[in-house]
Structure formats: structure tokens, C-alpha cells
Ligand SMILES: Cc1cc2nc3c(=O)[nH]c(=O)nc-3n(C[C@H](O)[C@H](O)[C@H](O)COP(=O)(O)O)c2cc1C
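Coming up is one lone chain in C-alpha cells, specifically the form predicted alone.
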């Protein structure tokens, strides 16, 4: 039988996990939320580290997934298809929280998920980003303006494998890891 303090700690961890997912969901809907633009870190085809700021588009605590949109021609797509393991790093000055989410990324370039995302994006100013004739990172070459029927939107569906949460506080820093084996406090 577990000691009451174990139940209390488990309850605290459950509450913290719920708060983390709540903040992630808030970041999707609130443009000014600090977690809206995390850093995505992965490894490129040459084995070199890469990191870039992305926009969080969906956070699903039930499926334990996060969604990011990108141009299907972006170098990160090739990187993530080759090596789907990545990390998303979130920082909130307001909360004094850092969150590192270890994720496995599935790149989707067609299908229902992509079409639903396109339906949303196509009504925003971001639509031009996914209709550009050249791939991200290409040298700009002046061309005649011409439209095309297809888009280059891809959805990065990131399954959260683990969270590493860190709170920086004057009273003492706290750190907790959440993964498939549960939650445990770590030395900050």
C-alpha cells in the first residue's frame, strides 16, 4: 500500500501535467502567449544540430500531440522524415517556466489533417507563405507574378514522448520529468 505522501505527490504531478497542457492550449489560442513560438531542435542530414522558431498550432492532451505547420519544401521536412526525433523548447518569462518536450514527428503533406489545416490557413495572411513559388531558404529571384492551384502546407504532428519541466523561483527551482514511466522530481 502506498503512503499518503506518495498519493499527494502523484496528485501534485497530475495537477502540474494538467497545468502544462493548459498552457500549451492557451498558447494556441492566445497570440501573445510566450509558448506560442517554441524552438524546434533536430538534426540535419549531415548530423548537425538545427534549431528554429516555429508556431504552435494545436495542442491535444488526450492524444499527447502538438501540431506545427510548415512549408513541405522546407529543409526541416527532409530532416524530420529522416530522423523524426526532435525537441520543442518553450520558455515563459511570466511563469518562469521552461518546458522541453521530447517528440517524435510525423510529417503529413496530404490527407484530412493537412486539408483541415489548409482550410484555416487559407483565410489568413499566412496563406502567401504556403503558396510561394520557391522553397524556404531559396535565394530570391525576381519572377513574374503568377498563381498556382496547389499549396505547400505540411503539418508536423509531434507526439510528446516526454516533458522536462523546470520552474525558476527565488524560493528554489523545481524540475519534473514526465514520460512513459510516469513523473519524477529531478534535481534542477
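From a predicted model like this one, the values you see are computed outputs, not experimental measurements. Positions refer to the first chain, counted from 1.
One more form of this protein, predicted together with this ligand, exists but is not displayed; see below.
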Residues 37, 53 and 75 all lining this ligand in the predicted bound form, heavy atom within 4.5 Å: yes
Just to confirm, residue 152 within 4.5 Å of this ligand in the predicted bound form by heavy atoms? no
Only one of 54-62, 24-32, 116-124, 157-165 has residues with a heavy atom within 4.5 Å of this ligand in the predicted bound form, and that stretch is 54-62
